[in-house]
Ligand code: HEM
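One chain follows as structure tokens, the form predicted alone.
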């Protein structure tokens, strides 16, 4: 563990090198600095976000017309498999781990993560996962075509007969991703439990840290099941075992249990840190304390507990017994309680506040609206009759993308804009940010809202051709998909140009309250000159009380804390 005093650091040299904040080369090294690793995660994940987005645009191009006339059907199967896999395992998970990596030690007053080398190893496994995924395009037969869930017996088919095939590479990639995430989970949980600054009791800990802890606890209890299932699937595919192969006496439904035991709570692994971002962003730009802070914090842990009991609702159409359907319908809907508590708290925080509608706040508010909409359709899908009715239709695709893109990606953008000055020491261009928000919001609703209607009409998902009666909804969705692709351009332009030549950021440009805003922008290698002692709860907007002891000395000369 590294949360130790650093009086020995040579003050005369200003910053320990070679990890000085202005040394860009450190982003290409095996750095153990959590801030460097955080940005490595974020940038790497964004590259894969662009790749996954490009694959989706090809699919939307295919779906403009009812006939399959752009790509071969087998290629289409590979496209939706790799799109889903890349977006989940190489974009959403890694970018959130990157944001958490950067912020958690700063927010709890630590100098680094508990295990810095393990942290670096966890990151460098991500490029390995990406290489395996992309390499599958080059092997005979191409990438996996069994979807990002890889259900057997489809995933056990190997028509090429080659030992090294797309499905094998996919399984290896997922297994390595699981190992990386487990190592990350151990690191986050240990850091949060053992390295909080003096005086930072649990109810003085920021809501974002609570949400990261809750998400990583899910990783620790859930990922071993998925990793074990992936290894068993690999053995079935390569050495002929019979865990899931029905023709050899295996049980393919058992794989579904392994997969969904983790993969439904995995949605909360992704959305919980976004809930934390909302909880940090709304008070800053509403200039009000987070409403019901303690309840919001505890509700994150409640979501962790309840999320372990909902996985079977993905299997209502898999011969699930009636009593099990009723039980898991109840537990699925139960998740709405702690989630609804958070939504109520965010709305109450915004209500009557002195709103500052900059880009971060706009993305957070847009993400909240999208999440409420996704929550309504989620409760609908938790109901057995509706789930059976719309099973395997575009209604499910629409709901899922409102959660993943409408809520989670919006939250990620909100977080990136909010902490961009802290990470880079530069201000972003507000005008470009708002253009980015407008294009993203319009693209999201244009792309995913029509899918609800085509799904309710019965259009099945994972098809490259369809009945002409669904054409209108697919044309609209494709236009929205292309608009979403275009929306990334102002974001890229903004981030790159701002980082290179943006206005120099003060230490606390948003006048926010939090330990991360009490250090320089960007922070020094050891984060703080002295470990702060926390004396107040977070979110004390309007209370005019210091957050830490001797705050006037701890606050940099050009920073403001209240």
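A quick note: this is a predicted structure, and the numbers were derived from the prediction, not measured. Numbering follows the first chain given and starts at 1.
As for the form predicted in complex with the ligand, it is not shown, yet the points below apply to it.
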4.5 Å heavy atom contact, residue 338 to the ligand in the predicted complex: no
Contact of residue 394 with the ligand in the predicted complex (heavy atom, 4.5 Å): yes
4.5 Å heavy atom contact, residue 360 and the ligand in the predicted complex: no
Residue 56: touches the ligand in the predicted complex, heavy atom cutoff 4.5 angstroms: yes
Complete contact of 49, 400 and 484 with the ligand in the predicted complex (any heavy atom, 4.5 Å): yes
Stretch from 367-375, 79-87, 179-187, 240-248 whose residues place a heavy atom within 4.5 Å of the ligand in the predicted complex: 79-87
Heavy atom within 4.5 Å of the ligand in the predicted complex - the one residue of 463, 439, 301, 71 that qualifies: 463
Residue among 409, 200, 126, 209 with a heavy atom within 4.5 Å of the ligand in the predicted complex: 409
Any residue of 402-437 that, in the predicted complex, places a heavy atom within 4.5 Å of the ligand: 404, 405, 409
